[in-house]
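Heads up, the chain below is alone and in the form predicted alone; it's given as structure tokens.
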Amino acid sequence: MPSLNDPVKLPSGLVFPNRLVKAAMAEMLGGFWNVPTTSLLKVYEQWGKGSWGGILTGNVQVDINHLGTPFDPALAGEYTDPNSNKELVATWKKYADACQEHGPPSIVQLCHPGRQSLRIAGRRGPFASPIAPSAIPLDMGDGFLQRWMSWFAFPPPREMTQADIDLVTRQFVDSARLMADAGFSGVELHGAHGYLIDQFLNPKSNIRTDAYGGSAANRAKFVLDIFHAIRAVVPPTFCIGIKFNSADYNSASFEDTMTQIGLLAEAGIDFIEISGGTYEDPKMIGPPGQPGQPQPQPQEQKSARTAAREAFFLEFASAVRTRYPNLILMLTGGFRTRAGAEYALSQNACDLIGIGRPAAVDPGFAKLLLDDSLSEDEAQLVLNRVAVPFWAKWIPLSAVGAGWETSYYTKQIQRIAKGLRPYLPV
């Protein structure tokens, strides 16, 4: 049976020393200038000491005009080369060194939010439209309050022109080149959670009739062009992965989804991280349930059935494995115990285990799971659902509860950056 302690070698040659990867989470530590701040470096130094097989950073936006949150680190302009941009490379090298000083290879999650760029985020101005493959606004619900809040937070997008597509492609490539020159081990293209790449892949948000729309292959052209352009300009040992949504797709579009994954595999993607959800339907936060409802207690987490339920997207990952057995798969979402992680490996559903929220309250959570001297009851971290304030329950938006949950763990990350002890939700 595969062990959590096993190393994993990617097609590029990069090796993760074990199967546990610190997953990407929102840190909100880019400051007003959207750069890697001292606080950001401090929290990654702690994760770097945590015995993780690999570290995924939070979102690094490829365009400072289009941010997911006001404090995301971002590329501020065109990147040419390390000689012409010495100060820029030096700034990001500090980030790479903080992540990797204690050994784990670190992958930068590159992102463009597309239509999910908050009105107040980015330097395009609060009244400028975000961009998207098609001019389809976010749908937070049919009620007046839902539609008004959606419009207030996310301006309706405009459809991208070919010039827009060429620019964003170049921004992804420039960002990847910068990360390679700064010393990171690779990049992950954020193609999930409703961000721009996912918007192109998904027929619900992409109704284009040109080369980027229509068939599953056409909808994948945007990300495949980005991948090939990056691969052409970075070292062969530099990893390129992708985070891919599972939750957007129903049985009717399942074959389209498998087609797109097959195209990524054929292109030579290093790994695919299986996640899911969007701002409209935030499945990445967890299974349905009332805010404040506790997760199963330790004594309930011993059965195989419970271990299987721990991984949010296990079934989808298993389906991908059946179709593409040679793909390196990372499964992220819901892992809280060694038993749950080992169960996913035993089912051959994945090669790597992505862990987010437990790492926000225990930067060394990987050590806990890797320590064979600890019992199953000890090798876990039970997290209750974060209770939302009473007023939030009157707002008919699922994103409010999801945002509150995300905000809670972002605050724990910021406590780590300040040298303070994180605390568990109660």
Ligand SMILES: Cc1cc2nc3c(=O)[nH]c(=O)nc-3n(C[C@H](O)[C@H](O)[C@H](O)COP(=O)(O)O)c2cc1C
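Numbering starts at 1 and runs along the sequence shown. All values derive from a computational prediction rather than experimental measurement.
There is also a form predicted together with this ligand; it is not shown, and the following applies to it.
Three-residue candidate spot 134, 206 and 253; no residue lies within 4.5 angstroms of this ligand in the predicted bound form by any non-hydrogen atom. Among residues of the shown chain, residue 177 is not one whose heavy atoms approach this ligand to within 4.5 Å in the predicted bound form. Shown alone here, residue 246 lies farther than 4.5 Å from this ligand in the predicted bound form, counting heavy atoms only.
The closest non-hydrogen atom of residue 410 lies within 4.5 Å of this ligand in the predicted bound form. Put simply, residue 336 is close to this ligand in the predicted bound form: some heavy atom of it is within 4.5 Å.
This chain appears without its partner; in the predicted bound form, the one residue of 106, 116, 275, 171 with a heavy atom within 4.5 Å of this ligand is 275. For the candidate set 26, 368, 388, 43, a heavy atom within 4.5 Å of this ligand in the predicted bound form is found for exactly one residue, namely 26.
Here the chain stands alone, but in the predicted bound form its contact with this ligand, taken as any heavy atom within 4.5 Å, falls in 326-334 among 139-147, 326-334, 94-102, 256-264. In sequence order, 355, 356, 357, 358 are the residues of 355-379 having a heavy atom within 4.5 Å of this ligand in the predicted bound form; the partner itself is omitted from this view.
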